[in-house]
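The chain that follows stands alone, in the form predicted alone, written as structure tokens.
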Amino acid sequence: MFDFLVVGAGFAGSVIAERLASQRGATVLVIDKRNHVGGNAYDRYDEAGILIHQYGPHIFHTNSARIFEYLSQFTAWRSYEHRVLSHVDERLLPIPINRTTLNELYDLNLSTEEAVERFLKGRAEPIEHVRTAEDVVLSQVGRDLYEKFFRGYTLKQWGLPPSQLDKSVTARVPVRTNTDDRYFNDTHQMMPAGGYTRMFERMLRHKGIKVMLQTQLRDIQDVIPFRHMIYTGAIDEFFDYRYGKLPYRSLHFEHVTLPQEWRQPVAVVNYPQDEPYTRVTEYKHLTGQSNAQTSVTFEYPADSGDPYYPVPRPENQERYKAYERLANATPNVTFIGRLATYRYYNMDQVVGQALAAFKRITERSAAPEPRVGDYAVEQAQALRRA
């Protein structure tokens, strides 16, 4: 009998498993259908000896000292400030758009933040009610910058034009009036010194935690007894798609090692125009490794494959709300993480959600009732009779 069954060994599952084992002395079984821990943050050394991210680049950043200090128990850090360039009109220009972007793109000499504000205000289109991703960009920077930097990238990423997507899609990308070319402004910006996988392995190394990989929930839930489930998988799958599948956008990755020291000047270059991929990541910028070769990943959005991004449209949120009501009525199961709550969270936000869920579980006055399959119940009853 395990105290907790945790479904998923990514950030949400690993953090709450570690807290339950180390702070409550609970016994925890962690399962994952993949053959590794770490979820989409999993990284590995390729044949060239370069540490690559199997599922695309994961850059850690947070303003929360609590979350940073928590993860620091399991890893040392390498300071790293993420910079991204966008390949537009055969040039590599800073994204988010800043003063440098505008000066280089339009051959200008804007020298102050006030000058940039005036320039953008002169191009912005007044929109009374900002509802869509297109509305956000047009109201901030106007039609030409929208077409060059945002429309094509968003169309490739989501398979839909920005006019059909929620405003949250482009609200995540700021526009700057200064020359700050960092992608994030957070207080803590760094990479796990030994990689994400090593951090997860240390997190799950507690004696109270058992990890089973390449294991599906349906294979063990009626066999292994447990008292409470922490579920971090897709919520629609948990309920056998009762209200239909929740739409997700997927990604396909092409990992390539090149016989040259560097391919590009920064870790990530976006391609919002004609190329079929959305971005190319070069990992040595992230890891600080020295190697005569370089490893890069070409990223192709797709309709099919592993779920990555919930598609932000009102009808999809309505469907999720129906599943959320089922989840709230399901005893002895806690739903956390991106897939279980149908939200796109940054890594630090998932950690924060897991820590908050642990606190709620800890504050419960009574132990949860067993939630096990019929076979496991019979076994437990037989043991008590014996």
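Numbering starts at 1 and follows the sequence shown. Just so we're clear, the structure is a prediction, and the values are computed from it rather than from any experiment.
One more form of this protein should be noted, the form predicted together with a further copy of the same chain, which is absent from this view; the next part is about it.
Exactly one of the stretches 353-361, 313-321, 41-49, 334-342 approaches a further copy of the same chain in the predicted bound form with heavy atoms within 4.5 Å, and it is 41-49. Proximity to a further copy of the same chain in the predicted bound form, defined as a heavy atom within 4.5 Å, singles out one entry of 96, 159, 194, 307, which is 194.
The partner is absent here; in the predicted bound form, the one residue of 108, 258, 127, 223 having a heavy atom within 4.5 Å of a further copy of the same chain is 223. Though the partner is left out of this view, residue 189 does not reach within 4.5 Å of a further copy of the same chain in the predicted bound form, counting heavy atoms only. In the predicted bound form, at least one heavy atom of residue 29 sits within 4.5 Å of a further copy of the same chain. Taking non-hydrogen atoms only, residue 114 never approaches a further copy of the same chain to within 4.5 angstroms in the predicted bound form.
Heavy atoms of residue 205 reach within 4.5 Å of a further copy of the same chain in the predicted bound form, making it an interface residue. Interface residues of 1-34, taken as those with a heavy atom within 4.5 Å of a further copy of the same chain in the predicted bound form (partner not displayed): 1, 2, 29, in sequence order.
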